[in-house]
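Consider the single chain below, provided in structure tokens and representing the form predicted alone.
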Amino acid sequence: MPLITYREALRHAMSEELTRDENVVILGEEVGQFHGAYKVTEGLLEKFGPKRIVDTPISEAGFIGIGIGASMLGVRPVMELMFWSFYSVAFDQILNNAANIRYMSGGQINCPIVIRGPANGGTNVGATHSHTPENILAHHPGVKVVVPATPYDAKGLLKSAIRDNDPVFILENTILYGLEGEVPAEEYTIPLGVADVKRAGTDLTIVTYGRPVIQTLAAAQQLQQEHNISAEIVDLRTIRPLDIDTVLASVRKTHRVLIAEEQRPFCGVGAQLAYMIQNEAFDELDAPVQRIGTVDAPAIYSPPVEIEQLPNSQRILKAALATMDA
């Protein structure tokens, strides 16, 4: 399989879906003439024209509202947020209107909109540009929340999201945009709501998603080489719907669990996961469920300190060893 970057995988997914379905359009700030803030949409304006690739004003409330209205009429908009931190400007449109329209209409109106863009820390852009709101988004029934970690997953999940009849929110990571991985040249999709075991193991389950998947894989290799501990890595890929069955199957095999996420611990995704694991598989656990996440403070502006605020591979390694000793 060819090696392409995470950024290219997203672009290929959108290009293929724009070609496949004339109802697919791309909207967002600078997605056209500037090729996207992170060059994800580079070349799409030249290929598909300004009616399909639409530059919008700097108004998330405005252009996301337009996208939601268009989706209710059969258009399939893919909306780019320059940062997911700006979703709060359009909170009413996204989580009050888009999330509820199918329910409020008795199933008569779909809202097949995709909203995508980066949601991460670690890039020294400060507290107002570094949010990871997957927990807030997933709290609302009627939406789907996707956090891909690899180029392969990014392409397959985005294609499925574009074809889905519900609002799908894809949270990417600017640090991953340059990550290379094998991606098939032929057509494929990945169903939403299916986790992936990125590494098989027998001693410890580490449940994770997004960029921490990459860091966890590095930590797992060090665990094996230096401590003879075999860690199984379960990548959720989607937060809602959540594939708890794959998580529980791994827990029943290893009997110890660490949850690694780029979320602050209070009211995070990991809190829900920990509850579900102990509720469904309490007798399988040989130790309490442990969690590692972002240190609970606004994103730190100092680059060396921000690195330590996030769940880097060494912090994950330390947490894994503590879980094994519990």
Partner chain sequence: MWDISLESTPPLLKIPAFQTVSKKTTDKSAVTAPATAAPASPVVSGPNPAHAAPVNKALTRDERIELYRKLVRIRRFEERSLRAYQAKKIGGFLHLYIGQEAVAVGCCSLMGKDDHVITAYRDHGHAIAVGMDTKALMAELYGKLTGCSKGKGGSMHYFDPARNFWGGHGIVGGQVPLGAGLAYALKYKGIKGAAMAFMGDGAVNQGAVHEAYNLASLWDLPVIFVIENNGYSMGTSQARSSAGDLATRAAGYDMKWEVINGHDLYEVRAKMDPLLRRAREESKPAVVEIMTYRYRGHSVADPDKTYRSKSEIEDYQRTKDPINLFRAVLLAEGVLDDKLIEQIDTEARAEADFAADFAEASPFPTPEEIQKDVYWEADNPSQRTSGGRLFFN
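Residue numbers count along the first chain shown, from 1. For clarity, every value in this text was computed on a predicted model and none was experimentally measured.
There is also a form predicted together with the partner chain; it is not shown, and the following applies to it.
*Asks:* With the cut-off set at 4.5 Å between non-hydrogen atoms, does Ile316 touch the partner chain in the model of the complex?
*Replies:* Judged by the heavy-atom cut-off of 4.5 Å, Ile316 is well away from the partner chain in the model of the complex.
*Asks:* How about Gln278: is it within 4.5 Å of the partner chain in the model of the complex, going by heavy atoms?
*Replies:* Outside the cut-off, so no.
*Asks:* So in the model of the complex, does any heavy atom of Leu285 sit within 4.5 Å of the partner chain?
*Replies:* It does not: once the partner chain is placed as it appears in the model of the complex, Leu285 has no heavy atom within 4.5 Å of it.
*Asks:* Could you confirm whether Glu308 comes within 4.5 Å of the partner chain in the model of the complex, counting heavy atoms only?
*Replies:* Residue-level check for Glu308: no, no contact with the partner chain.
*Asks:* Since the partner isn't included here, can you check whether the partner chain sits close to all of Leu27, Ile66 and Gly142 in the model of the complex (heavy atom within 4.5 Å for each)?
*Replies:* Yes, each of Leu27, Ile66 and Gly142 comes within 4.5 Å of the partner chain in the model of the complex.
*Asks:* Which listed residue (His131, Arg211, Arg256, Arg240) meets the criterion of a heavy atom within 4.5 Å of the partner chain in the model of the complex?
*Replies:* Answer to the contact question: Arg240.
*Asks:* Answer with one of Leu217, Ala249, Val75, Val197: the residue that has a non-hydrogen atom within 4.5 Å of the partner chain in the model of the complex.
*Replies:* Contact residue from the list: Val75.
*Asks:* Based on heavy atom distances of 4.5 Å or less, which listed stretch (146-154, 86-94, 200-208, 228-236) is in contact with the partner chain in the model of the complex?
*Replies:* Partner-contacting stretch among the options: 86-94.
*Asks:* If you look in the model of the complex, which residues in 83-113 sit within 4.5 Å of the partner chain (heavy atoms)?
*Replies:* If the 4.5 Å heavy-atom criterion is applied to the partner chain in the model of the complex, 83-113 yields Asp92, Gln93, Asn96, Asn97, Ile101, Arg102, Tyr103, Met104, Ser105, Gly106, Gly107, Gln108, Ile109, Asn110.
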